[in-house]
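Below sits a lone chain in structure tokens, taken as the form predicted on its own.
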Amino acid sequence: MPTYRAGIIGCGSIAANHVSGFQGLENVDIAAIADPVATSLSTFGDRFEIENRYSDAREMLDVEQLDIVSIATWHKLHAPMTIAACSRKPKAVLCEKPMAVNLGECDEMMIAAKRNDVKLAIAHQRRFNPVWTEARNLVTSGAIGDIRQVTAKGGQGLLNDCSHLLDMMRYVMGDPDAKWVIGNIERYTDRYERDIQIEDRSVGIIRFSNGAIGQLLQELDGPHYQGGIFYGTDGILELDELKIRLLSPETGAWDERTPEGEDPHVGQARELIEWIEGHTVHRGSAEHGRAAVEIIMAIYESARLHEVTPFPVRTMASPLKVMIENGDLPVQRPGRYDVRAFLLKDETMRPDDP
């Protein structure tokens, strides 16, 4: 059995999940880590007993001859770090979600992976959650008939929490394409999420190629949870990360199921190795990560142009950023704040502090 050398760029909280995934496999060795924040690098390295530590990710990539690179940075570094990793020609790159902060960056990442023959996966790890996979099997087998509507509720910005929910809609229904989106946003505060400007609230309605209509409510109607409700012609299915509730004509009553299986982070890592070895295609391959970002950008574009946004979306920049820079979303309650400021280290209260 070959042993694969893995390196992790970014030593924050999500990186621990990448470690647990790789440590669940006998044939992956975590060879090195990189992070420019000394406290994060030393704390993380000590916690997981990883000796090779770099403050410069590119130096790690040049020195360590890695087979697998995990990108566990904040969102706006996903594209540059993925492109840097791909240029060193590892076998695979596993990048955290969201894939990138606009469609142009998503495409650049995919181009870099293709021209260097690197397999690129996006860490929507809930595709490996046994509950979500069982829900997919039920829906695609026709357990509730043809899907007519899907509803999900999220928070903390479309790119963060809600990227999982949009990916969930596609995954459970067998990954249909989006055909059009209509949506709107509200931004009266100077709100950020991991140093990315985000909306206060949003709503998106998505028409999928299988005929289903998806409805995403962001900070409009709680409680928020990782899951949703699928309404079919013959029944209803509701899921979260722990259970499925199924209502079908066969039972005439709610049937609650709690599927169990492999830890999603281990499953994600295992399937990456299987993809490298040519046994399968990773269910989180880059095109699925891009599809979630495209729906988000379509919601922003619909808000910007006040119209239905057809697919493919042609604006490569973030329409939200364009609106903010053009003064279309003037802040009425001044004072920048970051909903993920608690992730910062030492005395730092915002990413641009000296």
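We number the residues from 1 along the sequence you see. These numbers were taken from a predicted model, which means no experiment stands behind them.
Here the subject shifts to the form predicted in complex with a small molecule, a form of this protein not shown in this document.
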Open item on the list: When the contact criterion is heavy atoms within 4.5 Å, does N129 count as touching the small molecule in the model of the complex?
Closed with: no
Task: is_contact(L343, the small molecule) in the model of the complex, heavy atom dist at most 4.5 Å - done: yes
Open item on the list: Can you tell me whether A317 touches the small molecule? I mean in the model of the complex, with a 4.5 angstroms heavy atom cut-off.
Closed with: no
Open item on the list: Residue-level contact is defined here as any heavy atom of the residue lying within 4.5 Å of the small molecule in the model of the complex; does P98 satisfy this criterion?
Closed with: yes
- [ ] Sort through 45 to 53, 322 to 330, 28 to 36, 296 to 304 and report the only stretch with a non-hydrogen atom within 4.5 Å of the small molecule in the model of the complex.
- [x] 28 to 36
Open item on the list: Exactly one residue in Y192, W74, Y231, W180 has a non-hydrogen atom within 4.5 Å of the small molecule in the model of the complex; which is it?
Closed with: W74
